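Coming up is one lone chain in structure tokens, specifically the form predicted on its own.
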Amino acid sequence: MNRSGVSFLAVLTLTLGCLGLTGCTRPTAANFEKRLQEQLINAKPGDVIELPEGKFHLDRTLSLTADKVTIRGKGMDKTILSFAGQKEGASGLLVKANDFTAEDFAIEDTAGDGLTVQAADGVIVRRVRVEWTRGPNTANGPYAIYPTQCKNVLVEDSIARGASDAGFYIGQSDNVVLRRNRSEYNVDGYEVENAEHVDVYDNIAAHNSGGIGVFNLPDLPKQGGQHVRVFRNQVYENNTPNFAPKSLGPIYYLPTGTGVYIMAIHDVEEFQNRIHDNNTTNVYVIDYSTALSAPIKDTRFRPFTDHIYLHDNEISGGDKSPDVRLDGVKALMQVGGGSLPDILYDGVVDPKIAAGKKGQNPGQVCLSNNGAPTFLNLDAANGFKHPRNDLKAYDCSLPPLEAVKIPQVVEGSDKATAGGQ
């Protein structure tokens, strides 16, 4: 018996309902939801709550506050928690607990976010699918897999579809590995927002509005996101029309057809990615004030983007049909002579960094060995007066960032997380 005894009973209650016994019926939506929520409420450290195979309808948010609990299903296409027509709460599963593991189940059609984990130290999400089955729709929840203000997070081998903001959101968190996931038909595939020490690798971002965003925003409790590595990802054909409601704020202004974008952050390294056929631009390196016209009231916030190292990527095939629904994109196209390049840089540099420095690249934006992409520096700081397409000034290198190390990833189990490139 499990040391607590509780989750062993949970396993019996939730999995022995229909194993060929005469007169046996699967749990109904009502009793399944009630029993599962009871087990979550009564869970003790070390418990494993096993979910049976099947599709189960729930109408209110499930919540967990006990540390060191695992929720495990039979597979992301075999154990499905459907929140279609949800009556209470917004999230599907809301977790406020340390050392939490979720694996091998799906969450569908929540009113708000899918899987939310808040302020936790130690999070594992693996082989979890979160999806809005009607496809891209403004009424879908904002975030699919949503750890926020967390530490030591591993999200792997999972799928997100249909989020009206981001499929995978890593927000205000520290020490995160996001690997081997698939994000499609969301507004944004992956967002690393106000987070530091993050590795994003071996993921797929396809058919979203935007692929991967690495950025900081003002007016959030945690500021100073930095030290993010994005590598060995496939970022392609992110051309699904942006369906974010305007009420969600900045994401509404993300141009459809954006591959990778980096904004208001420093110390970012992106390498060995395949970025192609994103119809507005494949790579967008930009200052906060260029991207968004909202005034900055947060005195802690630094809007500049610098110390960015993009190298050894395959970048091609962008600018087939830029998103002209936004006035900002139209203006950028005018500066670019009617089109946008594979790599777009606004050229804005922190005056403190630029002071006393000579040359055309004081912000240390280094772009090397990325094939033969088209490029444009918008010269946004000078009113777009002298845009330049000479990439040579940015053919430089920076010291590689160190790999992110978290307890859930054994050193040496992956050459990248062990420091190899």
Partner chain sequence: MPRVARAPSPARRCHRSLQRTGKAALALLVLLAILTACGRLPPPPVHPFLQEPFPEKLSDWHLFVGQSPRLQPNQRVIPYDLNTPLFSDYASKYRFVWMPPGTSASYRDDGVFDFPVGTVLAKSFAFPVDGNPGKNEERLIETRLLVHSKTGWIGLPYIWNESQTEAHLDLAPDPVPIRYTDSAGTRHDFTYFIPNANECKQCHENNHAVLPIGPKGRNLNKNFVYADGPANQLAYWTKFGYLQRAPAADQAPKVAAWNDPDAGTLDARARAYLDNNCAHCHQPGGTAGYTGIDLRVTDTGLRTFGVCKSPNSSGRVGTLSYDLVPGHPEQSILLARMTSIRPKEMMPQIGRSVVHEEGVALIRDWIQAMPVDDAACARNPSHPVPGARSRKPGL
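Residue numbers count along the first chain shown, from 1. Only a predicted model underlies this, so the values are computations on that prediction, with no experimental measurement involved.
There is another form of this protein, the form predicted in complex with the partner chain, and it is not shown here; the text below is about that form.
- Taking non-hydrogen atoms only, S289 approaches the partner chain to within 4.5 angstroms in the predicted complex.
- N369 falls outside the set of residues with a heavy atom inside 4.5 Å of the partner chain in the predicted complex.
- Proximity of R60 to the partner chain in the predicted complex falls within the 4.5 Å heavy atom cutoff.
- Within 4.5 Å of any heavy atom of the partner chain in the predicted complex lies no heavy atom of A355.
- The candidate site formed by I204, T240 and S316 is entirely out of contact with the partner chain in the predicted complex, as no residue has a non-hydrogen atom within 4.5 angstroms of it.
- Contact with the partner chain, judged by heavy atoms within 4.5 Å in the predicted complex, is confined among 306-314, 123-131, 84-92, 228-236 to 84-92.
- Out of the listed residues T148, N152, T79, N279, T148 is the one that sits within 4.5 Å of the partner chain in the predicted complex by at least one heavy atom.
- With the partner omitted here, the residue from K392, H386, K34, K55 that has a non-hydrogen atom within 4.5 angstroms of the partner chain in the predicted complex is K34.
- In the predicted complex, E38, L40, I41, N42, K44, R60, T61, S63, L64, T65 are the residues of 38-75 with at least one heavy atom within 4.5 Å of the partner chain, listed from first to last.
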